[in-house]
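To begin, one chain is listed below as C-alpha cells, in the form predicted alone.
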C-alpha cells in the first residue's frame, strides 16, 4: 500500500530535485533549451561573486534569526499562557490559529491595504494621533521596507507553532506537574525548570520547521514589496531565485540557487538538532 505514495514522491519530488542538480551544471539559452552547454561549477562560482546573491542570503539569514526569536518565542509564550488558563481556552486556541488559515496572497494584500499611503489603516491611525502620514513602502528607506516585508512573515506562522507547542504541553506528565505544585513550585518555576526543558524535542522540531520554511520564503515578500516585486537590496533567496529563473531566464543559475537553498536548510537543521540534542539545560 505504500508503493503508490513512494511512486508519487519519486515522480514529483525526488526526480525533479535530481534533474535540478543536473541543470545547475549547465547554461541555458532559454527556458525550453534542449541542448544546454555544460559549464561545470561556473554557476556556483558566479553565485558566490554575485552581490545581489550575498545580499539576498544576508536578508534571509536575518529573517531566520528574527523568526527564531519572535515567531518561535511568541508561539511558545502564547502556548504556555493558554495552557495555564481554563476560561475561554477554546476561544484563544481558535483565534490564535486563524492566521495560518488565511492564504499568503490574501494576507499580503491585507497588509498592502494597511500600508497604503492615502487610505491605509496605519496612516489613518497616525492622522488621528495628530501625526503626519508615512510612506511605508519607500524604496529608499531600506530599514522600514525590510520591516514591513518581514512583519507579516513572522506573524503568519505564530499560530501554527503555537498549536504544536500546545499539543506538546498537553502531552506532559500530569503527575510531574502535580508533584511540583505539592513541592511548592511557583508558575514561573514550573515553566523554567519543568515545562520548557520537557518541550526540548518539540522545540527542536519547531526550530527545524521554522528554518526550512524561512529559507524558501517567497509569497509575502513578492506581494508586499514596492511595485509588486522585490529588487536589489530587498531580495530574499526565494525571490531572487524566481527573478533569475523567470525574468532573467537564467535556468542553470536558478537551479544552482535551489540546490544551495536545500543544502543550507539541511545544514542549519542539522546544527539545530545537534545544539538541542546536547544542551540539556534548555
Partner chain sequence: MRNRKKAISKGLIYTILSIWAIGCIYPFIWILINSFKDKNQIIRNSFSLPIKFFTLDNYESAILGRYNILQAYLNSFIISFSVVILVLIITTFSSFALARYQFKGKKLIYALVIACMMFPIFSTIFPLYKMLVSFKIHGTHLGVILPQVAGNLGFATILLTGFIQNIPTEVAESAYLDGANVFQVMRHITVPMSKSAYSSAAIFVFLWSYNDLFLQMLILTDRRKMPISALLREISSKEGGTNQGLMVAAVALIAIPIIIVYFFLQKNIIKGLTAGAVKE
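Residue numbers count along the first chain shown, from 1. In this text the structure is predicted, and so the values were computed from the model without any measurement.
The next section is about a form of this same protein that is not shown, the form predicted in complex with its partner chain.
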Exercise. Just one of 74, 145, 198, 177 has a heavy atom within 4.5 Å of its partner chain in the predicted bound form. Which one?
Worked result: 74
For this session: Classify residue 158 as contacting or not contacting its partner chain in the predicted bound form by the rule of any non-hydrogen atom within 4.5 angstroms, answering yes or no.
Result: yes
Exercise. Do residue 215 and its partner chain come within 4.5 Å of each other in the predicted bound form, heavy atoms counted?
Worked result: yes
Exercise. Residue 6 near its partner chain in the predicted bound form, any heavy atom under 4.5 Å?
Worked result: yes
Exercise. Looking in the predicted bound form, any heavy atom of residue 119 within 4.5 Å of its partner chain?
Worked result: yes
For this session: At a 4.5 angstroms cut-off on non-hydrogen atoms, which residues of 108 to 147 are near its partner chain in the predicted bound form? List them in order.
Result: 109, 110, 113, 114, 116, 119, 121, 124, 125, 128
